[in-house]
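So this first bit is one chain, no partners, the form predicted on its own, shown in structure tokens.
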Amino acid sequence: MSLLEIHNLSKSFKGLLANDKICMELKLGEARCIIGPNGAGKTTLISMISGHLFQSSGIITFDGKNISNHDLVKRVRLGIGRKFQTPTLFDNLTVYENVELSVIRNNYSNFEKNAKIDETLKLIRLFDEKDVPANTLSHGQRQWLEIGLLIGNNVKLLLLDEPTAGMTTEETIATTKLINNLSGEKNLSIIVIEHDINFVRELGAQITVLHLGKIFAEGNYSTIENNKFVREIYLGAPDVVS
């Protein structure tokens, strides 16, 4: 079952095409990596999916609904959550209180709320840190906590922008396991923008390569690795899209 369908999605900034007729489908519970050189149009694409930008043309269908003209708030309410590179947390609140704020709007009973918070904290490996202030967490833990806030809000689609940037090797490995758990066991659909090709390989997800605003290649890691044109892109082919 497809959760997200994108048809001929394009975005132009003052005549410059940042994305050009992108077509993509994401199934329920599928993780997808989007890679490509700087300026390839990766962030523009997920910004159109999340509602931070509106497309110049094309159609976005989410969970069977045409959301092309939905604003950011409507898309959040439908279950689309986006995590930016820099976590946005309530630093003076505890880890538990941060997650608690994310579940409030779901009208849970007190028992259901506490159960949801505990489940989320265990998923993101921060149950033992639930009583510490968010500003005392490591960089990797802060990234996990923000993912936890989205999970607490019952998202169906997670958009993650370079989630492992600045992480230690151990934190990166843990993040790989977390994303695979969320997609494989919790049935969340996840799109990851990532530059760390080692992380992409270990994640084992399908890969979409963008270049000059277009889909350049798709497939598993082995397929992408053996594509000589993809290798040339990463060796420094000039970009004209910003």
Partner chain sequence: MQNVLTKISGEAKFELLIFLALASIPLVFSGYILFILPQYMLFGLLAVSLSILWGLTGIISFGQAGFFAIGAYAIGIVVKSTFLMNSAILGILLGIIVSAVIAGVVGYFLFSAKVKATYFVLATLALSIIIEQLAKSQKEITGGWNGLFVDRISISFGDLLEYSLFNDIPMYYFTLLLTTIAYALIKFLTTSNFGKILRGIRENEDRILALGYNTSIYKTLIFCVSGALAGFAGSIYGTHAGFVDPSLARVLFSTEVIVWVAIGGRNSIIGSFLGGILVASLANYLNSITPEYWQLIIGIVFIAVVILFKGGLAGGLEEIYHRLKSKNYVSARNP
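None of the values given here were measured: they were computed from a predicted structure. Numbering follows the first chain given and starts at 1.
Absent from the display: the form predicted together with its partner chain. The rest refers to it.
- Residue heavy atoms within 4.5 Å of its partner chain in the predicted complex occur in exactly one stretch of 39-47, 26-34, 65-73, 202-210, and that stretch is 65-73.
- Interface residue among I124, V95, L157, L149, judged by heavy atoms within 4.5 Å of its partner chain in the predicted complex: L149.
- For the three residues T88, I104 and N153, a heavy atom within 4.5 Å of its partner chain turns up in the predicted complex in every case.
- Using a 4.5 angstroms limit between non-hydrogen atoms, T136 touches its partner chain in the predicted complex.
- Its partner chain in the predicted complex comes within 4.5 Å of no heavy atom belonging to K116.
- Interface membership of D131, defined by any non-hydrogen atom within 4.5 Å of its partner chain in the predicted complex, is confirmed.
- Proximity of E100 to its partner chain in the predicted complex falls within the 4.5 Å heavy atom cutoff.
- Although its partner chain is not shown here, in the predicted complex the stretch 25-40 places no heavy atom of any residue within 4.5 Å of it.
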